[in-house]
Structure formats: C-alpha cells, structure tokens
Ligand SMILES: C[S@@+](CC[C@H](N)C(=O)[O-])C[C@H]1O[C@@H](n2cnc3c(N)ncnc32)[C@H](O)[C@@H]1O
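Taking the form predicted on its own, here's one chain by itself in structure tokens.
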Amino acid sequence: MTAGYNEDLAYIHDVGFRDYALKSTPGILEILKQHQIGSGLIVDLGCGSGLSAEILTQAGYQALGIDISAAMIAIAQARVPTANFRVESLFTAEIPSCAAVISIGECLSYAFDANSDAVLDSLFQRIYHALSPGGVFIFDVVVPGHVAPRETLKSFTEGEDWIVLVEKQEDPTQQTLTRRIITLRKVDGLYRRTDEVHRQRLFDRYTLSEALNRKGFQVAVSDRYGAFSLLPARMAVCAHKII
C-alpha cells in the first residue's frame, strides 16, 4: 500500500486548498437534515486534515475520520481533538455502525492502493450494512473531461511559504487521471522539494449508480453539494439506505 500526501503536501493542502471541504460540508449538512439525520456518528472516509470533521462536530455530530496519510491525520487530530481518527485505507477500513458515511474530495477515485470493481463492491456492501435504516452515503468522484486526450495540462499555485506545480494527463483507454505534483515548501529559510504522483480512477455515472443500486441503495447524482457547485468533471452522489 503506497501512502499519499506527505508532510509538505498535507500542510499545503490544508492551508492552500481548503475551500473544497469548507464549501462542501455545509451542503452535506443540508442533505443530512433532508434525511432527518440530526445526530449520530458520521464516518468521514479520506478525511484529510479534519476540516469537515470540525464542522460536523460543531453541528452536534460525532465524527470518525479515516485517511491513508499519517501527515493528514496528525493535522486533523490537532484540529479536532474531540473526534476520532484512524490512519487506514478507506477501501479496507472497518466501518462502524453509523448514521452516515461521507467522502469529500474525490477520495474514492484515488489509487494509492487497490481500487478495483471488487474492492469498491466490498466497500459499498460494508457501508450499507454499517448504516442505520434511513442512513446516507454521500461522496464525490472524478469523471472524464479533465484533460483532452494526448494533452498535458500544467498549473502553478503559490502561497506565502509554498509552491505547487501540477501536471495532469487523462487516459481515456484506461479511464484514469494522473497528476504529477511537485511541492516546494519553505522550511528554516530554504525551500524543500517533494514529488508525488497521484492516479485516479474516472467513473461512469451509470455504472457507479448501478453498483450502488445492487447493494440496496437509492441513488441521486448531482453536480453540487447544496449551493456549492463542484468543479468540472466531478459528480456528487447521495446513496440512501431505505430500509
């Protein structure tokens, strides 16, 4: 199992790319209220630096965050000491009985470890059994359309003490998106470089919905969480356990 989000990238993601979590979570709270889920345990798969867990606990929920990155979990535990966190793969982690499971930020698309149809099938089954009747599984994934075939998209972002360079390529044959990430973080007056390669699975809306339907979920697909519109080539899913 190859871990992602080293210490520097975890720090940069927390301070420089927190908008996704901060803007998604209020919409997720709306979805929970629409399904009469006003309390209970929320399991956050791929919880990152605990931004969503903090909002959930402030809203009166209990939170369990699971992430493959030890660096992310260290930040999360410091941010939300009242929540529980575990360093584990979201694909194989034990899911306790809960009112809802969420996964914000394309976490189910990542291939830091095994991410196959069989692995997802097992995950969906475990989540369904863990949810209370009426519970919901809310998440988002990437879909095709990030980069034109045979092209490379490059971006550059900087903060007060960090720089990130990203190259993205999409493989329509393998249905994958690859991000090569170079970070430069200022530490003790010098810039430290780290490199990571993130591979993500691109999902088909119909196939994903059918996989959830087979487990017993009623599925609704959207391009937003409440008032927050997702970035292009993403989709949000709300899978409702009816009984």
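Sequential numbering from 1, following the sequence displayed. Small disclaimer: the values here were computed from a predicted structure and weren't measured.
Quick note: we don't show the form predicted in complex with this ligand, though the next part is all about it.
Comparing 155-163, 168-176, 131-139, 110-118 against this ligand in the predicted bound form, the single stretch with non-hydrogen atoms within 4.5 angstroms of it is 110-118.
Taking the partner from elsewhere, Ala21 is found to have a heavy atom lying within 4.5 Å of this ligand in the predicted bound form. Not displayed here, this ligand is approached by Leu90 to within 4.5 Å at the level of heavy atoms in the predicted bound form. Among heavy atoms of Val43, none comes within 4.5 Å of this ligand in the predicted bound form. Under a 4.5 angstroms non-hydrogen atom cutoff, this ligand in the predicted bound form has Met72 among its neighbouring residues. Using a 4.5 Å cut-off to this ligand in the predicted bound form, not one of Arg126, Leu212 and Ala239 places a heavy atom inside that distance. Heavy atoms closer than or equal to 4.5 Å to this ligand in the predicted bound form belong, across 41-63, to the residues Gly46, Cys47, Gly48, Leu51, ordered by sequence position.
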